[in-house]
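There is one chain below, alone, in C-alpha cells, taken in the form predicted alone.
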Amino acid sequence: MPEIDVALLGKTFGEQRALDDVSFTVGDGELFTLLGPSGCGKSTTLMSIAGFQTPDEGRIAVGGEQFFDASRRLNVAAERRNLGIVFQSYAVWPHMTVFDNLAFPLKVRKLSRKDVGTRVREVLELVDLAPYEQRYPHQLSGGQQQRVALGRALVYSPSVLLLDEPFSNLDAKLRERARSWVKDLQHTLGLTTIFVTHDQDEALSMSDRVLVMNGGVVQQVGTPEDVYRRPVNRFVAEFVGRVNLITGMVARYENSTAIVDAGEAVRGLRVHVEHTLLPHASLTVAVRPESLVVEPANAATYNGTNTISARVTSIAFLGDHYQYELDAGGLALTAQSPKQVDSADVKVHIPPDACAVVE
C-alpha cells in the first residue's frame, strides 16, 4: 500500500484551474518531489495534502487513512493529520528559544515536561542544534533557522514530512549543503517525504522520483534520470535542464528506428522510437547538450551515422566543461564537452540512444 495516495485532485480559484485531475502515489520511505514553475499547482497540491487547502474534487489518503474525499464530503482537519511541514519562510517563532520552538508542538499535545525535554533534546541532536537550544532565531544563521523549522516538524514523529521550497532563502553554497544534509536525514529516518521546488538541480539530486507539473496538470512522473533523459514532451524537456530540440520529418522507418531529415545539414538522423511512425510524419527530438560529441572536422572518429558538420559560433569555459554554440546549416545547437576543440569547423555526433522523441 502506498504511504500517500492522491487521486483526481481538482481546484479552481476564480476562473483559474489550479489543479486538474492531479493523481500520484508515494511509496513508504520515498522522497517524492513536485517540480514545476511558479503557479503550476505544486504548492496547492502540498497544502491540500497538509489540510491547509480544500480541493473541489478528488481524494487524499495517507497510510491507508482517508484524509479527504470530495464525493463523501470528508475533510480531516490539518491538526489531526499528523503531518510535519516546513514552510518556505521557516515560520519559526521569533520570541521563543530554539528549545521552546521545538517544545511547542509537544506541549499542545499535552506531553509531560519530562517527555517534552527528552524528545526535544533527541531531535536537537538529530538536526545538529544541541549547542543552540537557548538561542533565539535572530541569533541564528539562515541554515540554522531552517534546521529549527525541520526539527519542529520532526519532533512529534509525523507520519509524513512535507517540505515547501525550504532552501529558497539560502545562498547557493548553503543550499547545496542543506540538500545533502536533508536527504541524508530523510534516508536515515526512512521518512516518507514530499518536497516542492522549482529548482531542477534540487529535484534531480535529492529525489527518488519526480513529478513535473505545469498549469495544474501532471506532465510526467519518473525517476530523475527518466525525467531528464526521456522527457515525454517539450515542456519537460525544456524545463528540466538545457536541451536541443530538433524538428524534422520521418523519411522512412526501419524496425524500431525512425530515419529523420531535419534540413539539408541534418539528414538521415537515426532515432529510436517506441511506435511505428508514418513516412512524412513530423517529429521533434530532444538531445541534452552533454550528449553531443564535438570533434574537429578532420578527426577520424564518428564518421557516418548521426554525424553532422557544424561551425562554432561561440565557446565558453565553465570550469569543468566547455560550452559550444554551434550552427549546423541554420540549425542552432548547444554542446558541452570536457575538452576544448580548437577548430571553427567541427563535426557533431548525436548518439541515437541520447535522442528522446517529444510531443
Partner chain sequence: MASVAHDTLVLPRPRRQLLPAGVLQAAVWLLVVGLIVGPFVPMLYASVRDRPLYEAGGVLTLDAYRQLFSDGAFWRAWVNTIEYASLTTAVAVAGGAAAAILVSRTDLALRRAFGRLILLPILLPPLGLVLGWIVVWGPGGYLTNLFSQRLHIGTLAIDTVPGMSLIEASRLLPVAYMTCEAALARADSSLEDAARSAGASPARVLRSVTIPMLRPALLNSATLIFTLAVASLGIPLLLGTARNIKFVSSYLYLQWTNAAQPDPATVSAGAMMLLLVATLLLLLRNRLLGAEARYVSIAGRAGRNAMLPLRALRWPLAALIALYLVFSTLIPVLGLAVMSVVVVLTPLVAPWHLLTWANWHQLATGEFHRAIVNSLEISLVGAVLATALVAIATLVAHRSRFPLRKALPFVMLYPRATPGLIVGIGFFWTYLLTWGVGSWLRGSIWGIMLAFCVRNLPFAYVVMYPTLARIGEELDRAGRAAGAGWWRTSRSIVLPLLRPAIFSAFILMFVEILCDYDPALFLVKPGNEVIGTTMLSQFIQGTVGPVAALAMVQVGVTVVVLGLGARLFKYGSSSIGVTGGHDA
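For clarity, every value in this text was computed on a predicted model and none was experimentally measured. Positions refer to the first chain, counted from 1.
Beyond the structure shown, there is the form predicted together with its partner chain, which is absent from this document and is the topic of what follows.
Contact with its partner chain, judged by heavy atoms within 4.5 Å in the predicted bound form, is confined among 227-235, 207-215, 85-93, 250-258 to 85-93. Remark: none of the three candidate residues (Gly263, Val294 and Ala328) comes within 4.5 Å of its partner chain in the predicted bound form, counting heavy atoms only. Leu111 is the sole member of Ala130, Val221, Ala281, Leu111 with a non-hydrogen atom lying within 4.5 angstroms of its partner chain in the predicted bound form. Here is the short version: of Arg119, Arg179, Arg288, His198, the single residue with a heavy atom within 4.5 Å of its partner chain in the predicted bound form is Arg119. Residue contact check for Phe52: one or more of its heavy atoms lie within 4.5 Å of its partner chain in the predicted bound form. When contacts are judged by a 4.5 Å heavy atom cut-off, Val155 counts as touching its partner chain in the predicted bound form. At least one heavy atom of Phe104 is located within 4.5 Å of its partner chain in the predicted bound form. For the chain shown alone, Leu126 is a contact residue for its partner chain in the predicted bound form, at least one non-hydrogen atom being within 4.5 angstroms.
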